[in-house]
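Here's a solo chain for you in structure tokens, the form predicted alone.
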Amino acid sequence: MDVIKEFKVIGKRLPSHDAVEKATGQTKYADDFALPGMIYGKILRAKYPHARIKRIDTSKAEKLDGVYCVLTHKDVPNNAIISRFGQTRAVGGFEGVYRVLAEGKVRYYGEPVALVAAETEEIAEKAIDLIEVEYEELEGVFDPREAMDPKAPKIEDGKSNVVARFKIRKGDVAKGFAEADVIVENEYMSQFIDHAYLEPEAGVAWVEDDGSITIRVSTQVIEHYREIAHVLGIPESRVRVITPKIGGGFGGKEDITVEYYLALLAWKTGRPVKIVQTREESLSFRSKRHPYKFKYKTGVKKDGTIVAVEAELISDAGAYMTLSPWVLLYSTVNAIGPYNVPNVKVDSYTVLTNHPPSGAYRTFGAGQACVAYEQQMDEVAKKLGMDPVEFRKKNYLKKGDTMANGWKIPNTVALHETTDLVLKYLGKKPKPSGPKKLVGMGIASGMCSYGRMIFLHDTSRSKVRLELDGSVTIECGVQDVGAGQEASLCQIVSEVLGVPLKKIRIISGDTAATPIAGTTTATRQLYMSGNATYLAAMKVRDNILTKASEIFGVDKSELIIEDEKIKTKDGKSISLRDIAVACAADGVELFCEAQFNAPFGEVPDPETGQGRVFPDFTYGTTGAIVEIDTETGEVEVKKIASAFDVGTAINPMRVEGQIEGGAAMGIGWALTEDVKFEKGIAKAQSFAEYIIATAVDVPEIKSIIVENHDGLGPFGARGVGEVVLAPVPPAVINAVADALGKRIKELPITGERILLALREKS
């Protein structure tokens, strides 16, 4: 198979195939869909964070005119979902039980207890109010450190609240600290953060004529059809999941949201059923970014060389295990950051509490670790009296170094380059704009993996078909969350087959119509589905080049494909349309469904954490300049610069969009976003209380793309969807600390905390 050496489409700033429809409001999202005879579903939620269910009486609700059905756990064929972290028992073993509807007791405020389907949303709401539930309130636990105590209330009866623990052991930490000239110890805290997507959880389900269930839902994982089939007790082949375009996911739609409830209500009533969660439901009851408590101890030489790091990480899993062990593993592997440290000891824990379940969120645990280790880097540099940039540069990982988990890095680590580019753009720290203002500048470097853990043996499939008129159809189960996952696949095929984007159609996200491509999570789709699509397109390319070589009587290595033609070096050509017809006449395949298999490795050693966990990492640096009003405590982010080595930018415009979006999210993470639970009850129930960064808050952003072309994705690309967020919060936090001359170690850095810090300092 030939190799494409000169790009004609890859790397170009081409508009996405769906850009116009999105910009003009034509795109149909989950809530834009309706069917004749559709009814509406609502969820009855628990009124206590921890309580026994003594009695549920649904009789009054069932008698209400317009109510089609009322369901409790007794009506669910398989109500208990086993979350087996023990599928990879060498790194875990806890089996968590997730319940579709609460059974026996409720474990968090807002846990689903019953379902209603009714003629209108108003009737469904009234029916919910008529359901009587008698509770026996139980003592709750809301601090993960307290929950680790064997005497603490048990979330899962009879089992420890600690659902997973990881370790990393490298070198001799005691010896490293003994050799250190300076030792710095600190504790840091990160908060609960909501995904705050524009589109809340929504979908429609209906029963087909053959009795199968179809669900059209906003999800990052169409493969949830398997779990849905299990809950209903029917074959997987009888469940179809379709995802339209998604109005924001960020990990919040990786977990199942409304799919079980839609399927159950449609299955029980035989009617199409729609559920759209309110913003209050989404903010109060849905999964959040795991809050963490960190302890860091760092030993360094006088010249700034790090000789030892000891870290403890504790995350709040909420009331059910869900994805918490995997999030913790990401945090553990990333706990030391992109630094070469010879002696490492990391202990990490994820712990059940009576909060709503925590789940996947952009950076998937790596971001929380970055918030902690990048603050610690600044604090150590300050203790040494050393420039924080030079301190980082002295300890950055480089190609050939060994990470804390023992993996020897085979590819470029362009941290020196990204840091220099960021500093060049930021320039010198400006002077304050007034007498009551303080200015600070900070940087942070970060890393995130792309692709899932290699011991899971990830795969993705994609199909490419050259039509007889020279156009192309791609079929791939990829779920497009708005980041251009579909568009990247189209651009890859355009490069390989020489077909313009306007003649390429992609069919995506449908378990009954597309090859399974895996989840749109873990920054994996460009890497996994991109490679699968590339392999499929290259096979079609090889077939048509072979046929063209027969027609022209030349070796196919002498042929090129461009502008919808296959050309020889002496100027002869044949159109893709004609070559497709010639192939079809001779029975030459014009399609290929290819599968890409990620590298496979063994599970890391459970006692030392040594072993490769991820396929590869993306690295980069962010810098921020802030100005603080000392009278109000208000922080204004004046400028942000972010530089990342993306391997190869399939489309620089989309990469820049990711960087800019990451910057906006990072500002909110650092300064304003906080769900604030009190005894398990969320205090932020609308965007009036939950403050995200708006266009007014987002400053000038400089997106800097570095390309070393040695990523594992198609054409040497690396994934960028998550890494572009990770260093933004600590860069802003470090800038605030630089301005104040004092560090606030608990997030978010609100005006109140800044004023308190100023008073303490004075």
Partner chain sequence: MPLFRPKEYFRVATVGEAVSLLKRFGGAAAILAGGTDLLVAKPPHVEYIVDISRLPLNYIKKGARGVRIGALATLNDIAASPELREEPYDVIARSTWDMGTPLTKNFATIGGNICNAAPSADMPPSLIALDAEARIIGPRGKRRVFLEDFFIGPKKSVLKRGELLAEIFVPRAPANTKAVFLKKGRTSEDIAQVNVAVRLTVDDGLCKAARIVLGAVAPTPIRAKAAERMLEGKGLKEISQIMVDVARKAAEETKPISDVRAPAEYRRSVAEVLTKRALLNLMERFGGA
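Quick caveat, the model's predicted, so the values are computed rather than measured. Positions refer to the first chain, counted from 1.
Missing here is the form predicted in complex with the partner chain; even so, the following discussion is about that form.
Engineer: Only one of Glu602, Asp555, Glu631, Glu607 has a non-hydrogen atom within 4.5 angstroms of the partner chain in the model of the complex; which is it?
Structural biologist: The option sitting close enough to the partner is Glu631.
Engineer: Work out which of Glu179, Glu390, Glu134, Glu689 lies within 4.5 Å of the partner chain in the model of the complex, going by heavy atoms.
Structural biologist: After the contact test, the surviving option is Glu689.
Engineer: Please determine, with the chain shown alone, which of 331-339, 120-128, 516-524, 251-259 has non-hydrogen atoms within 4.5 Å of the partner chain in the model of the complex.
Structural biologist: This holds for exactly one stretch, 120-128.
Engineer: At the 4.5 Å heavy atom threshold, is Arg577 in contact with the partner chain in the model of the complex?
Structural biologist: Although the partner chain is absent here, Arg577 would stay clear of it in the model of the complex, with no heavy atoms inside 4.5 Å.
Engineer: Should Ser494 be classed as touching the partner chain in the model of the complex when contacts are defined as heavy atoms within 4.5 Å?
Structural biologist: Because no heavy atom of Ser494 falls inside 4.5 Å of the partner chain in the model of the complex, the answer is no.
Engineer: In the model of the complex, does Lys42 come within 4.5 Å of the partner chain, counting heavy atoms only?
Structural biologist: Although the partner chain is absent here, Lys42 would touch it in the model of the complex, with heavy atoms inside 4.5 Å.
Engineer: Taking 4.5 angstroms as the cut-off for heavy atoms, does Lys761 touch the partner chain in the model of the complex?
Structural biologist: Outside the cut-off, so no.
Engineer: What residues, if any, in 723-762 have a non-hydrogen atom within 4.5 angstroms of the partner chain in the model of the complex?
Structural biologist: Read in sequence order, the residues that approach the partner chain (within 4.5 Å, in the model of the complex) are Gly751, Glu752, Leu755, Arg759.
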